[in-house]
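Single chain ahead, written as structure tokens, the form predicted alone.
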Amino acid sequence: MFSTIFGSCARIWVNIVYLYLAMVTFSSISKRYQSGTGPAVDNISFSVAEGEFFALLGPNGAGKTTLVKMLLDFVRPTAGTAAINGMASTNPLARRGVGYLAENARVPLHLSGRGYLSRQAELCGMSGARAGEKISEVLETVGMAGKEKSRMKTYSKGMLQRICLAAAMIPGTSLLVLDEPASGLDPLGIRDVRRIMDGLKQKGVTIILNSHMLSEVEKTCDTAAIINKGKIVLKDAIASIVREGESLEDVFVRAIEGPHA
């Protein structure tokens, strides 16, 4: 009996400590759109630890983007809550230090790279020397230092993606939410984005990656949650779910289509 009580208390304390260390927490969160036939997100609960590189995986329409939008307060949940660093994500203070890179992000191509980043810094309340230092820092991190004075209409796809990632990094000092950051890039561009994200991880930045590029997720992420029809069907450390002789793609297909797929 004593061992049972002790074990229960230990699990409670582990959960309390984990929640305290969590950068992101979803608690029984759901979203139902009026035009939809069912919930886009259906009673999902999980946490992302501080400094973790976390992947959201799932087929199109699974609920990944809706989950991200609720975290960033672009849409409000029908039920449940999302929290950032212990604070409700509906509170603007919770989203300070959070950067977001949308898939196929559009930028004002008539501006220079630095001009665009300057506007982003202004939106984050930065100006003067502080803004200049931050812009120089993110340009160096994404490998665009020395190229920021050119207008973005002259940039390649890879250069545009780097500038968009740099823009997300201006506020994203604690949490980055990235939606397909390597979309449309050639193999060299994909490798460069991977290196940038690895560097951010080494700095302790928490990263949530929404991606269909399973081979890249397997190389870079710590943990993955596979979502299908608004529900999590599998969540664990990637090293734990990928068996010897198989790939993350095999795990994904089995989780979505069943064990006999």
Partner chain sequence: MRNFLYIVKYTVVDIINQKSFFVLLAVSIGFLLLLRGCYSGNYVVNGKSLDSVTVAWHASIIAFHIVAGGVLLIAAILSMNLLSRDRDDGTVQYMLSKPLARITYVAGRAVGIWLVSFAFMFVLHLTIFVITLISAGGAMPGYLAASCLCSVNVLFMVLLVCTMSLFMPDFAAAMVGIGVVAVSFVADSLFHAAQSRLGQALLANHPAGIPGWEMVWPKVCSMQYCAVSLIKGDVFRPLGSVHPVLVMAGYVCLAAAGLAFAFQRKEI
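Residue numbers count along the first chain shown, from 1. Here the rigid core means the biggest group of C-alpha atoms that line up within 1.5 Å when the two forms are laid on top of each other. Remember, predicted model here, so these are calculated numbers, not experimental data.
Just so you know, the form predicted together with its partner chain exists too; it's not on screen, but the next bit is about it.
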Margin query: For the interface check, one of 155-163, 133-141, 180-188, 70-78 should have non-hydrogen atoms within 4.5 Å of its partner chain in the model of the complex; which one?
Written below: 70-78
Check: Would Lys149 count as touching its partner chain in the model of the complex under a 4.5 Å heavy atom rule?
Finding: no
Next item on the list: State yes or no: in the model of the complex, is some non-hydrogen atom of Arg96 no more than 4.5 angstroms from a non-hydrogen atom of its partner chain?
Entry: yes
Check: Might Gly86 be said to contact its partner chain in the model of the complex, defining contact as any heavy atom within 4.5 Å?
Finding: no
Notebook entry, point to check: Do Lys31 and its partner chain share at least one heavy atom pair within 4.5 Å in the model of the complex?
Noted result: yes
Check: Since the partner is left out here, which residues of 99-121 would have a heavy atom within 4.5 Å of its partner chain in the model of the complex?
Finding: Tyr100, Ala102, Arg106, Val107, Pro108, His110, Leu111, Tyr116, Arg119, Gln120
Note to self: Please determine whether the C-alpha atom of Pro108 is displaced by 2 Å or more between the shown form and the other one following superposition on the rigid core.
What the structure shows: yes
Notebook entry, point to check: Would the C-alpha of Arg191 be classed as shifted by 2 Å or more between the shown form and the other one after rigid-core alignment?
Noted result: no
